[in-house]
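As structure tokens, one chain now follows by itself in the form predicted alone.
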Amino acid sequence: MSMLQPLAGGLMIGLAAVLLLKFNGRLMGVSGIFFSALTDSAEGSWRWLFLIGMVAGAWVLHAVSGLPVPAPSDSGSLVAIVAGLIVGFGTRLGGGCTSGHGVCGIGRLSVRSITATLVFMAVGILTVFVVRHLLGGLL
């Protein structure tokens, strides 16, 4: 992977955040958009379009460029489900996810978002250390 692919991905995420704020007046936080799409049927349509566009965009990029699709984890479905639930709980507890706090919140110099992003990073580093070094990569 060259340096251009992560750079292009970051620019596309930033562009999506700016366009959503400019044309819809909303901050982009994927976990919040997903949760609201499930729970708020009155304003859920644009959220579903956003989520479909996010998945379709990745599919189109793969079809056009031939970039590999990330391989599924060897951990199994149960670990993926538990991990997803923990992430969902954490994003609700933290009032947003990495895209909301890390991209939009830091861009707005929000102390709350900077703090949340630092906590996300610290917990991620700690989780990798525990799984790889203390559990020997069992998960």
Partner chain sequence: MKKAMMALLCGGIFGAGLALSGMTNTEKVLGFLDLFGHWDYDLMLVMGGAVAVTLLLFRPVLKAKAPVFADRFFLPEQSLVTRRLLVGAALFGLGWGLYGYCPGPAVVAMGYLHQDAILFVIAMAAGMFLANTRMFQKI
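All values derive from a computational prediction rather than experimental measurement. Positions refer to the first chain, counted from 1.
Omitted here: the form predicted in complex with the partner chain. The next part is about that form.
Within this chain, residue 77 lines the site of the partner chain in the predicted bound form, having a heavy atom no more than 4.5 Å away.
The partner chain is not shown here, and in the predicted bound form it never comes within 4.5 Å of any heavy atom of residue 136. In the predicted bound form, none of the heavy atoms of residue 64 sits within 4.5 Å of a heavy atom of the partner chain.
Looking at residue 39, you'd find a heavy atom of it within 4.5 angstroms of the partner chain in the predicted bound form.
Of the residues in 20-36, those that come within 4.5 Å of the partner chain in the predicted bound form through at least one heavy atom are, in sequence order, 20, 21, 22, 23, 24, 25, 26, 27, 28, 30, 31, 34, 35.
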